[in-house]
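Let's start with one chain on its own, the form predicted alone, as structure tokens.
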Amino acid sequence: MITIKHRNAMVRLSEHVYEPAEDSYLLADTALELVSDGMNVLEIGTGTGFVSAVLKANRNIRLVGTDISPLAASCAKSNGIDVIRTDMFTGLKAMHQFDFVIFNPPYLPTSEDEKVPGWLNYAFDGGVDGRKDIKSFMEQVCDYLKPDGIILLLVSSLTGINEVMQEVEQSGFSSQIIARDKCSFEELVVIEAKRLNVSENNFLN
């Protein structure tokens, strides 16, 4: 089994689970700058558990991950992550309990003939426009985030960064890009989203 090390975290990989790449490293490093000791953190779609493992190796936090893939859930557990095998938020109590909700969604625009077989497809397939799971995420996240909590969302220029930010803002959040990385064929960004208060929502509407 291959193991990688980053920021004091040792992470086991699996051939059947999305291997951490530039997007994973950007999200992990950005989250590490913002997450403090004592916080409650939720990572949706944790995969190998790489981002969560980096946070746990450097911060004294309470953290839980979710993943729809049983193979990913098993891999993340082997890396010391408390994982619930579920589809996004399903199986979690809607209790406004998390300071941070972190999500690296499947963001590649994917047609029917581009799908890959098995559970690995869930790590890549963002639907026709790459934003299928982002929309579903934004519709649910408010029930799990503290009023002053923060969302960290990793997206690609292939997904449409401006379109994602509009989706975030239409869901009642402010949004700003706080980190970016230029790869060979895409730009990766981390969007920080914070809930607008009632007066701000009314003003925007």
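Predicted, not measured: the structure shown is a model, and the values here were computed from it. Sequential numbering from 1, following the sequence displayed.
Omitted from view is the form predicted together with a small molecule, to which the following refers.
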The unique member of Ile150, Leu158, Leu34, Ile68 whose heavy atoms fall within 4.5 Å of the small molecule in the predicted complex
Ile68
If you check in the predicted complex, is Pro106 within 4.5 Å of the small molecule, heavy atoms only?
yes
Even though the partner isn't displayed, in the predicted complex is Leu92 close enough to the small molecule, meaning a heavy atom within 4.5 Å?
no
Using heavy atoms and a 4.5 Å limit, would one call Glu114 a contact residue for the small molecule in the predicted complex?
no
I'd like to check something about Asp99: if you look in the predicted complex, is any of its heavy atoms closer than or equal to 4.5 Å to a heavy atom of the small molecule?
no
Among 142-150, 41-49, 56-64, 169-177, mark the stretch whose residues have heavy atoms within 4.5 Å of the small molecule in the predicted complex.
41-49
